[in-house]
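Consider the single chain below, provided in C-alpha cells and representing the form predicted alone.
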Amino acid sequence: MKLIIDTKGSDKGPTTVVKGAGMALEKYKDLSLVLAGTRAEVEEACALNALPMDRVEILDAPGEITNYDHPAEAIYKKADSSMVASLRALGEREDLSGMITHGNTGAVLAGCVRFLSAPERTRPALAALLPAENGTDTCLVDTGATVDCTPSMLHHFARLGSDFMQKAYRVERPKIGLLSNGAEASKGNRLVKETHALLEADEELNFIGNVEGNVALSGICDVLVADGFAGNQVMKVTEGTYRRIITEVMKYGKKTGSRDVLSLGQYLIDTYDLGSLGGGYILGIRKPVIKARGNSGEKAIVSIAGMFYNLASHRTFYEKN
C-alpha cells in the first residue's frame, strides 16, 4: 500500500500531518507514503518525528490552496500546490493506491474532476460513514460537496452510495433513505418530493422512503441521501452532540473518580469522536481520495490509513470504475 498525503490544508499545520503519517507507518508495516508539500518543511517534520525515510518519498510542492481561494480557479492557477501535485500524481502513477488531504473541499472536488474523472460518472460526491445505533455504519451522501442540488443529482448520489456500500463494504442490497422532515411521501420541500419520485421509480435501488433526522442514524438505512447543505448540517450537529455527551461523561467520571464512567468515556471517544475516526470518501472517481476534516489531529491520519486497508481487502467500488 502506497498513499500520497497532501501535507498542507490542515488547521494544525504540516507538522501534525507528518506526525500522523509517522504513526500510520508505525502501525502498518507494509505501508509507504508520498508526502507532498514544501520539501524543507516536510523534511524537518520527518526528522522531528523520526519517520523511517526508506518508506517515505517527498514530492516538492511549495504552493498551497487555501479556503479563501476559488476552488476551480485554484486547481488551474496553482499548479505548484501540494493538492494539485498530489491529485496529478495519483492520476498518473500506478503505484499509488489513494490520497489523503485536509484541504479546501471545493478545490478537492474540482481537482478530482480534472485528474480522476471516471467513465459513467458525472459528478463526484462526498460521503461520510457515521456510526449507527445498531452497530453498523450509515453512509451519508452528500456531506457538503454540492449544496445546491437538483433531483437528478440526488438520484445520482443515491446510486453512488448504494454502489459504494455494496462493493466496498459488502452490504447486500443497501437500503436507501431520503432525508426529510417526515416519513410520508407527501412531506418535504420540492427537492425532496421530486427526488422521492425518482428514487421510487428506480427499480435497481432498494429505496425505503423518507427518513427523519431523529432516526437517520438508527440503522434504518445503509445510505442516507441529502443535498450537501442539509447533509453537512447533519454531520456537524451529530459531531457536536457526540462531543457534548463525551465531555459530560468524562467530566462526571473525573468528578466522581469512577473508573467505570471514565472507561465508558474512553469507549465513546473511540467510537464517536469523528475528528479522530477518519474522513469522507469522494465517490465517483477512478481512485480513492479521502478528505480529512481540517481540524482533525494526527490520529485521523492513522484511522484514514485503516480505511484504505479496509477498501483494499474487498473488491472495491473504485476498481469497478
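The model shown is predicted, which means the values in this text are computed figures rather than measured ones. Numbers follow the displayed sequence, beginning with 1. Under this definition, the rigid core comprises the largest set of C-alpha atoms superposing within 1.5 Å between the forms.
Omitted from view is the form predicted together with another copy of the chain, to which the following refers.
* Any non-hydrogen atom of Thr195 within 4.5 angstroms of another copy of the chain in the predicted complex -> Output for Thr195 is no: heavy atoms all beyond 4.5 Å of another copy of the chain.
* Asked: Hey, in the predicted complex, does Tyr252 get a heavy atom within 4.5 angstroms of another copy of the chain?
  -> Tyr252: yes, in contact with another copy of the chain in the predicted complex.
* Asked: For Arg173, is any heavy atom within 4.5 Å of another copy of the chain in the predicted complex, or not?
  -> It does not: once another copy of the chain is placed as it appears in the predicted complex, Arg173 has no heavy atom within 4.5 Å of it.
* According to a 4.5 angstroms non-hydrogen atom cut-off, is Ser258 in contact with another copy of the chain in the predicted complex? -> Flag for Ser258 set to yes.
* Asked: Since exactly one of Glu204, Asp148, Asp95, Glu92 fits, which has a heavy atom within 4.5 Å of another copy of the chain in the predicted complex?
  -> Result of the distance check: Asp148.
* Go through 111 to 119, 79 to 87, 214 to 222, 165 to 173 and give me the stretch that gets within 4.5 Å of another copy of the chain in the predicted complex, heavy atoms only. => Answer to the contact question: 214 to 222.
* Asked: Once the two forms are fit on the core, has Val261 moved its CA by at least 2 Å between the shown form and the other one?
  -> Moves: yes, 2 Å or greater.
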